[in-house]
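As a starting point, one isolated chain is supplied in structure tokens, in the form predicted alone.
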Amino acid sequence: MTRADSQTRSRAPGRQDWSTWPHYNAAAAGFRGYWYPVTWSSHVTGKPTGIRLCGDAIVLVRDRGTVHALHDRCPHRGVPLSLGRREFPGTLSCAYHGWTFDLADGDLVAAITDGPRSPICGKARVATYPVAERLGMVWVYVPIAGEDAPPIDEQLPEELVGTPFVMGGRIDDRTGNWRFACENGYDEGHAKYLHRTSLWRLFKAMPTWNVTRIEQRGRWIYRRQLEQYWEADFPGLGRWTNKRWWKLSPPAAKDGAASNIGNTGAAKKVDPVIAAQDFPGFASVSMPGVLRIAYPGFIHYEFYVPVDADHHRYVGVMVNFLEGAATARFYLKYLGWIRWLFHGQFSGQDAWMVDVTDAPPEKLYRPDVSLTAWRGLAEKDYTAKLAAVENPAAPKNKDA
């Protein structure tokens, strides 16, 4: 039976495409007009490094402490500038013929093999990209139509701006479209079943199913858990549960009771910075594909960075709001086992599913309200962004 036959023979055809969300449907290589974290700051040195972002080839290089980003193609013969070197301060020279570009504006300022008075100078340039460094990472802004980049702090999670914290993270290049990665992260149903075998959840039970409502606050949408059920009897099949004798009994695990910080039951203690945010739900997502999972003692963030239609960069970050000597204890724990268990084996299960996801067509079920809400948010936000680029003087819609 072919895939088309199986769809035809199903009781209902399901969703055949994503035409309901045209901007989202067209964003296989990512949404332009946003800042993206692309690598650790410590990885960008005076030696050029080539990356891909939203389908664009980009070269990163650090010069006198500042990171610059240029289109990674010499206009002469198309050789990647990431193969070149810095022959003069503030410039990058192509490895082929020594065409030399100003790092700040991309202008051709010298053609070494044509002498100091080469007439080609000033007649060629490469595009440059805005760059910022935050959270120990290099961020690149990919413009829609040459517009100025907005302040990067406007796009960061609000609680990370001006609040002391300690952070550990992992950046991995992965296969699969960035939209599948983002949808997996915000997906209501997968964690309770897919991650039941993860070592990170070895001693903690998760609900079998939830009753969930999606709520928007500003630029984020939240999964508010209205009810949680830790076990369930399936007619004619039997009982299914995530509980095991060796797992900790979740606090307030009575069926129907709900918690919205973490997904393993109500916590006895919540970090005061996290509590002060008054999140409507523990899982939230915002454009251009930023996931925030609030646990009682830390917040986990995932940035789904589009490389091209078939690849993305996974940026996973764990933040504890600590200062002083406590930061050393965090790093010992994070590097000792959390990074491997959480950002490795646990997240690796997500990577496995993202790699094999093939949609549309798709047939959605009740928990997939999380997916359709995210697609709706993306569509609304990007529609407003395009309008703002076309008409910069128009007032901004704060809820877009």
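Quick note: we count residues from 1 along the sequence shown, nothing fancier. What you see is a predicted model, and the numbers here were worked out from it, not measured in a lab.
Just so you know, the form predicted in complex with a further copy of the same chain exists too; it's not on screen, but the next bit is about it.
The stretch among 26-34, 338-346, 57-65, 364-372 whose residues place heavy atoms within 4.5 Å of a further copy of the same chain in the predicted complex is 364-372. Shown without its partner, this chain lists D153, D105, D114, D172 as candidates; in the predicted complex, only D114 has a non-hydrogen atom within 4.5 angstroms of a further copy of the same chain. For the candidate set V79, M167, L291, A149, a heavy atom within 4.5 Å of a further copy of the same chain in the predicted complex is found for exactly one residue, namely V79. In the predicted complex, a further copy of the same chain lies farther than 4.5 Å from every heavy atom of G218. Looking at D310, you'd find every heavy atom of it more than 4.5 angstroms from a further copy of the same chain in the predicted complex. Using a 4.5 angstroms limit between non-hydrogen atoms, A132 is distant from a further copy of the same chain in the predicted complex.
a further copy of the same chain is not shown here, but in the predicted complex it comes within 4.5 Å of a heavy atom of L83. Along 84-112, these residues reach a heavy atom to within 4.5 Å of a further copy of the same chain in the predicted complex: R85, E87, F88, T91, S93, C94, A95, Y96, H97, G98, W99, V109, A110, A111, I112.
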